[in-house]
Structure formats: structure tokens, C-alpha cells
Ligand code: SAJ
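One chain follows as C-alpha cells, the form predicted on its own.
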């Protein structure tokens, strides 16, 4: 029996868990653990920007304001049972049997593949300072392949004086959640678990197995787990980019991308596997916008020679560029529509509908609405932003009054498919704008083009080459 196995056997089963980072991943993870284990500490820095979460969670209130079925009820339940508490006192890590870390890992410079691991490093050092023998440490953050075995292991060893894989267990178990269904995703998605050795993997399996309902554990090496997470997001980004490029092609050829998509998706049968996604105004969120670069960096720092076509750009990075271009395409569609209406950017009021990057959510991380807003204001437009779930972003105040936002607008631009935008009425919107030929730019295919064209709107939509040059009625 290995030294780590002996320590874990003496320590006994996992009873107390710590979760660092009370965000979109940490909160649902913590309360699900609290249902299954004796007690969970939810660690959160008492910072000016996010310290408020501690009090809210301890009052049984979810700080996440989008629609998250079951989350707030579960927070209230585990709080009432005395099984969960949020705190900024990281010294309590010394009392846990396992601690997970879910902290954002953005990039300082995507071109140079330089990540910003500052917050991640701070979290790892906090664990190391209070780490005891036999504890399981799990990184849930999406990270560059190789980070767990090298970067994280080195810091933990430096801070604690303990040896990873011998004195404590270390693993990577990447989150696989989508905002709007956090609880469901954690319970039902298969869980990737990769330890730096077998003992670490086995202990991580013990931690995650109880919270799964439909999902199963898939065990592998920690670096393989890191590649799995970065690659699955890279593939999704690639699939979106493929549809976005097809949408641009269809616009140029004056056909409907959704007809083409239906045709492609109709071919079914053995050996035929497709994920035909949807085009749109851009890709946002914390994951898809940067995980490609973690994968690229993993290859770069591996030290091995990559056999790849000479002088060819990475297919994955090209996909990122296409998706990053879509807010610019929305800008171009707006410019074309304003020109048709005999107007210019300068002095025109634009009603931008949707600041969150995902429908029915308050998640505004890397929202594609931001670059569009910046381009429009730089061009001299007056932009009013509406979002039913987001109230402000830094100094930007966001309206919850859609009628006031649309009033007098030359153009209405839809960036997010919130349910509140699915039943917009052309006649009512036209009346609010006060324009004989108001403009509507649909970045999420949520309105009926014909209904708006019939009311005299100038319509533009992603991939709607069949409608974008319609006669103005």
C-alpha cells in the first residue's frame, strides 16, 4: 500500500468539503456537496466586487440573478440544515477532507498565449498555506494542459511542504455546466476526473460520485482531463464558427441559412454524426472565448514538436476569429440598414436588446454586446441598452424599461435571445420608435422577418440573405 493510501485509509471517508470561488460553478457545486456530505465551507474573498455573496448565501439567497431552477431552494435547504456556510476565512481549509477550486482563468494576451493565472495562483496558495496530510485538492477551473501536475503541484508543495501524490491527493475535475441549468448539468453530465496518480483519482471519484444522478465518472490522467475540457469547448466554438461562416456565405448568396441548416440536419443514419449548431451575433461567456488558447498553449509548452502543415494557422484559432468577428458583422448590418433609411450613425438612437451573453441569464462575461456597443458609440450613435436580468456593467447603466429604451430609436438590435424578446410585436415597436421605417437587426433569429417587413421595418438578420435586401413597404 502506498503512503498516500495509508494516510487516506487512516483519515477515513470524506466528510467535510471546501469550495473556493462562489460563482456560477462554485455555488451549485458547494450546495450539492452539502446535500451529500456532513458540511461544506464556501470560500469567497471579501472583496469590494464580490464579497456581498457571503452574506447573501448565508441568508439563503442566490447571488445569481438569472433563471437557475432549483438552486435557491437548495441553498435554503442546506443552510437550514446547518450543512453549508460561506466565509472569507481561508484558514478553515485546515478542517476539510477535500477542497475544490473554481476560479476564472482568462488570458492577458491571446496572441502570445499568456494566461492570467493570478486569481488561480492566489487560490492555490491559500490552499497550500492550510493544507494537511491526506486532503484531496481538485482544480475545477479550465486550465492549460499540464497545469495540475506542474504549476499547481509546485505551488502546493512550496506552501505546504507536503509532496503531491504522496502526502495529499491532487486532481483535475473540470466543470461542464451551462448557465441556466447549473444544478441539472452537475448531476446529469458525465464527470471527467483526472488525478496526478491513481490514489488521487480514486479519492476524487469518491468526492464526485455521490452528487451524480444520471452522469457517470470517466477517469483518466490529469493532463488528459485538462485537454478534454479545453478541447470540448474548442470543438463547440469550432462548430459555432462553421455555422457563422455558413451564415455569412448565405447572406452573400441571398439565401436563408436556416433552410440550409434544416437540409444538412435532415441526413440521418449509421455513421453520420453532426452537431449542426446555430449562427448568431457572437460568442460570449468565460469558457468558449478563451479555452482554445489554453489548448494551444498546452501544445506550445509541452516541449514536443508539433507535426502540422507549414505556415498554416490553427483551425481552432481561425474559428475564434470568426466568432469574434460577428459583433462587427452586426455593426455592418446596422450601417447598411441606416444607409437604406437615409440615416447616419451620428445622432441616431440605437436600442440594444440583451447585454448578457446567454438567454435568460445575468451572465455578461465577455458579452459580444460590448464590442458592438463600443463600435456604435465610437461612430457617434446614442445606444440605450436593455436587459431584464442585468442592471449595470461597471459604469454602464442598463435599462429594464424596454419601451423607454425603444422610444425614438432608429434601430432595434437584438443580441440575446431572452424570452422577453420572443414575442416582440412589430406594430407596437414601430409606434414606440416614431419612425416610418424603423430598423430591426436580429442577431438571434427570434422574430418573424415578414411580420416586421410588412409593418414597414427595415430588416436585417444573421444568415437571412433571403430577407436582408427586401423591398421597403
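A quick note: this is a predicted structure, and the numbers were derived from the prediction, not measured. Residue numbers count along the first chain shown, from 1.
If you look for the form predicted in complex with the named molecule, you will not find it shown, but the lines that follow are about it.
In the predicted complex, at least one heavy atom of residue 282 sits within 4.5 Å of the named molecule. Under a 4.5 angstroms non-hydrogen atom cutoff, the named molecule in the predicted complex lacks residue 168 among its neighbouring residues.
Using a 4.5 angstroms threshold between heavy atoms, residue 181 counts as touching the named molecule in the predicted complex.
When contacts are judged by a 4.5 Å heavy atom cut-off, residue 278 counts as touching the named molecule in the predicted complex. Partner proximity in the predicted complex, defined as non-hydrogen atoms within 4.5 angstroms of the named molecule, places exactly one of 226 to 234, 379 to 387, 294 to 302, 158 to 166 at the interface: 226 to 234. Put simply, of 98, 330, 250, 287 only one has a heavy atom within 4.5 Å of the named molecule in the predicted complex, and it is 287. This chain is displayed alone, yet in the predicted complex one of 402, 153, 177, 398 has a heavy atom within 4.5 Å of the named molecule; that residue is 177. Along 421 to 456, one residue reaches a heavy atom to within 4.5 Å of the named molecule in the predicted complex: 444.
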